[in-house]
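Quick heads-up: it's one chain on its own, the form predicted alone, in structure tokens.
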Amino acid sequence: MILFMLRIVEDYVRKAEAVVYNIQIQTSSILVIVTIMIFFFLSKKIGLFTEKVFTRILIGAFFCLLFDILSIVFICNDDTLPHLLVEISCKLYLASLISMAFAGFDYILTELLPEKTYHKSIMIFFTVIPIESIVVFCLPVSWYHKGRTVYSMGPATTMTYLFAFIFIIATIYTVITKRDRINKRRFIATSSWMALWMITAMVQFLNPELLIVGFSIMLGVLILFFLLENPASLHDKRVGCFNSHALFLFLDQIFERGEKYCITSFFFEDNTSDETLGTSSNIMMNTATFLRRYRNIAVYKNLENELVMLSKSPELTDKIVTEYRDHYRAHLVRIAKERSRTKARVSVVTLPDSTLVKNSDALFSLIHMTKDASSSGSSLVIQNVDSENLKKYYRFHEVAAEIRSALDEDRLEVFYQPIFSTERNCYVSCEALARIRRADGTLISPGEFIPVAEDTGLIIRIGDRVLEKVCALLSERKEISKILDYVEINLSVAQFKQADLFEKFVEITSRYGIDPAKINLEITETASIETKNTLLDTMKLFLDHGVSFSLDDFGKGQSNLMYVVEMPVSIIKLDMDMIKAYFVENKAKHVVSTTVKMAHDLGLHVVAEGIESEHELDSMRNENIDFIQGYYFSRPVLKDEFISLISKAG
């Protein structure tokens, strides 16, 4: 009797050892999956569609590992359990493997297909997978159990591996062929997971004693979680809300679905150059805390000084903005006044209907355009995007598209306006002016396309094209090059911010064989204000190369005589408005006279712009102004007409 009991205990210990030995990896893997599930399900999520797909993968991985463990336990106890129960446990595990093999392909489809198309496609696979599982259940399965070695085998197992390999290969093929359309992190995560699947499946198929497929499932889920689906990576810990990455992921989803949301941006600005003050940062933190009190909204931190609030209810949005205004007046004004050297400004802009725009770039372009259009000096400005803002936005992008097509189709033209020397009594130079011609032959006014070109960065391409065309004219028409001392070309703030501005200039002028002294570059006071240090360094390179500079629009806006002192310019161009004021206001006459004398004392020449009559011309001569530019001599004209004008005068 004792011997019999010892044999039972020995048999039990042997089975237990076999079970423990074979489920160590699976048990560790399922514990990791459970840990991920706890973090994932307890974290606040933004409601992305991929989160639902990952949830499905996470639950599938859990049950796959669970069925793996159960099948091993049942096989190790096959002498005491019904044969059918052991067979079912093995086949449940095999069927779950097919589902997990498809999971990678499922996940990559969310990146490649629009959501509606994805739902239609996935229904096909959700039909195929049960059919494959039924095939596996219909095929015989057997198992091997000797000592610590435990595994299933037979036609059902072979068919499972075949189905799994089809999905794995399909996923790898899709990832490789469509990699240019796949997010880089998703590409890395899915590729790594499929590579692990392929390696472990082949190893386990060739050596059934190594039960490591479940381990690769866990590693794949772990990779997806940390690279793509970790909710913590979508939070801005400092402000306590979702970050900009989460914002754009969610915006992409709502624009794809065509969902209607109210979107409100809170902008926080300090009107100071002292970055240590941080008043706007304090107000932003306080605002984030205020917004977290409300349900049914989501708050995101976008860029350095912007919070974005999303709500499906216009009424709730209006309520929150109204209460925020009261909160600001009651509490945040005190924060704004804590440091006397700074003046904080908060701008709140609401787009009531996200379907009015097509994507997130258009959304924020419209919101920023609305914010920048405000002329209010208040510390709190609240605006709604209205029909007028929309018109301006659409017009802005129409003009931007027209500029791009004009540049691509060579519809940018250069007009030339001659500049007359009062001393030599002849034309000595000209200003090259960019003009955009529409496909129908009409011109877009410079006042309309120049601001758009500067805001979009297209001014850089325009500047390069103007320089090319000017150099081509001077190269092709040598007689014009002999008549003109130089040609004036405008440079914008954006152009001066280019690191390779000087190198491009040298390349273009050298290609056409143009003497750099034949080019005079016009800068504005705006350029000298915004990029002063960079400007001076760049100007020195040009000056050493033989190029001269003019200061355009002098007397317009925030004129500062120190710019004339500090900027190495040789010509000052008096703004047309100042010249017009000269003929109607005595103060303006004194300003012009004093400016001309000051310029001459500094060794600078002066150009009067906007001269339209002989009386105006004579008056400017009497003021000893060096050069005259205006409609009295000629409007800006195309190359051929300009050549004719100059040639006749010469």
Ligand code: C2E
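Treat the numbers as computed from the prediction; the structure is a model and nothing was measured. In case it trips you up, residue 1 is the first one in the sequence shown, and so on.
In what follows, reference is made to the form predicted in complex with the ligand, a form of this protein that is not presented.
In the predicted complex, no residue of the candidate spot (F49, A362 and I367) has a heavy atom lying within 4.5 Å of the ligand. Between the options V213, M194, C76, L491, the residue in contact with the ligand in the predicted complex by a heavy atom within 4.5 angstroms is L491. The partner is absent here, but in the predicted complex a heavy atom of R435, alone among K371, H145, R435, K91, sits within 4.5 Å of the ligand. Remark: of stretches 215-223, 172-180, 427-435, 251-259, the one touching the ligand in the predicted complex is 427-435 (heavy atom within 4.5 Å). At a distance threshold of 4.5 angstroms between non-hydrogen atoms, I611 is in contact with the ligand in the predicted complex. For N389, no non-hydrogen atom is located within 4.5 Å of the ligand in the predicted complex, even though that partner is not displayed.
E522 belongs to the set of residues with a heavy atom inside 4.5 Å of the ligand in the predicted complex. When contacts are judged by a 4.5 Å heavy atom cut-off, S379 does not count as touching the ligand in the predicted complex. Looking at 461-480, the one residue that comes within 4.5 Å of the ligand in the predicted complex, counting any heavy atom, is V466.
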